[in-house]
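Next comes just one chain, in structure tokens: the form predicted on its own.
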Amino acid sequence: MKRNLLTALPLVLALALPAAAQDSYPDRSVRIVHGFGAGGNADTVSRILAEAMTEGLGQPVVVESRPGAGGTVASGYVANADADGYTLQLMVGGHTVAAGLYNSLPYDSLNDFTFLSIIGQFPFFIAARAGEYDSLEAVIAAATADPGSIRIGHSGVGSTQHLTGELLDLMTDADFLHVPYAGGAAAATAVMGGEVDILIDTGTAIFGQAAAGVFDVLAVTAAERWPDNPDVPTVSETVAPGFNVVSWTGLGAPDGLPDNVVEVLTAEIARVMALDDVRGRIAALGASPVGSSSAEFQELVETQIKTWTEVIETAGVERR
């Protein structure tokens, strides 16, 4: 009997080690991976979170950029990483667009991830050159009267801004000419130069030019007026009842994260998202700081995958 116990002891210890390791989480540095370039919003939000979470977790939280293919390179990397809590992802709204836009992805956009918390939400705004149009109703009237005459500038085919314009087409029966550019800054320059008539982009890309008198802001894509810009009407209240597009950032991880690791991370994210400094820095990027449950984040992702897949199919946007 004693020999049997001694023989079994290594197996017992081997089985116990993973649980012990999980109970000590985290015992080394944690990475937040994102799919965009240094200095952009995704990188900035990642660094805000990393700085605050380093203090709370008691281990270094570092940021790693893996840019490419609209964030899908990073998503593929994270989906295939070990589900141990040491690889996280700063996701953006484009994660749900990619599910409908790409014919094949090396991951399942919903089922290969653990969705921990929404971090921030932000709408898009629709703007025109100052003095060109006094309302979104006027833009839609012109687009309806002369199909293809009104040109929308956006930051690339398949971007959330592009699909927001396509959804506006579908819900108003307007027929815009969609003109892609290599990023929001180039699209904004095109509006200023008269290459396109209107722009759909984030508040940070639009309100600086509006304050300088270059742009008139015609509408916000959220269901309700945005608190920071209460004078800007919604698309829903002007030309398309029920229109609601709000993009987001959120923190996720590979699917299969152990429950105790999820508990540690969700508690830490909730702590961080309650900090005035963190909330203020996220708000300064034009986003409304949120913090949510895992279930709320997953529901948002499910809903937006369905919405954008339908828009892509109905509008005939070419899949990749």
Partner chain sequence: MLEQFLLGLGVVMQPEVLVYAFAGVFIGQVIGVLPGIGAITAISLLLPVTFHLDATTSIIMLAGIYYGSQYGGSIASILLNLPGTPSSVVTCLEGYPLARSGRAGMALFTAALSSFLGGMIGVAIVVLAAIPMTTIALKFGAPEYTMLVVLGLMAASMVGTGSHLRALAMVLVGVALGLVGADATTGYYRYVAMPELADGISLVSLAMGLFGVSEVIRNAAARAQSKVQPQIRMRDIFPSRSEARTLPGPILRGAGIGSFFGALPGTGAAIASFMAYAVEKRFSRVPKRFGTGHLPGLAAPESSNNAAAQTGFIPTLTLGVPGDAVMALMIGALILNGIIPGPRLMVDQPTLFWGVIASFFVGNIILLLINIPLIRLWVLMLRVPYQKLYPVIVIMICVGVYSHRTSVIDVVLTLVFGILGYLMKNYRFEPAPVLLGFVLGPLLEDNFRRAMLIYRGDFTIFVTRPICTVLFTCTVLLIAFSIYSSISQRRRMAAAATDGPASTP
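Fair warning: this is a prediction, and the values are worked out from it, not measured in the lab. Positions refer to the first chain, counted from 1.
What comes next is about the form predicted together with the partner chain, which does not appear here.
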*Does at least one non-hydrogen atom of residue 238 fall within 4.5 angstroms of the partner chain in the predicted bound form?*
no
*Would you please decide whether residue 55 lies within 4.5 angstroms of the partner chain in the predicted bound form, comparing each non-hydrogen atom pair?*
no
_the partner chain contact at residue 227 in the predicted bound form, heavy atom, 4.5 Å_ = no
*asked:* My question is simply whether residue 274 lines the interface with the partner chain in the predicted bound form - judged by any non-hydrogen atom within 4.5 Å.
replied: no
*Using a 4.5 Å heavy atom cut-off, indicate which stretch of 86-94, 212-220, 239-247, 121-129 touches the partner chain in the predicted bound form.*
212-220
*Which listed residue (144, 80, 135, 189) meets the criterion of a heavy atom within 4.5 Å of the partner chain in the predicted bound form?*
189
*Would you mind picking the one in 62, 284, 262, 270 that has a heavy atom within 4.5 Å of the partner chain in the predicted bound form?*
284
*Could you run down 119-155 and flag each residue that has a heavy atom within 4.5 Å of the partner chain in the predicted bound form?*
147, 148, 149, 151
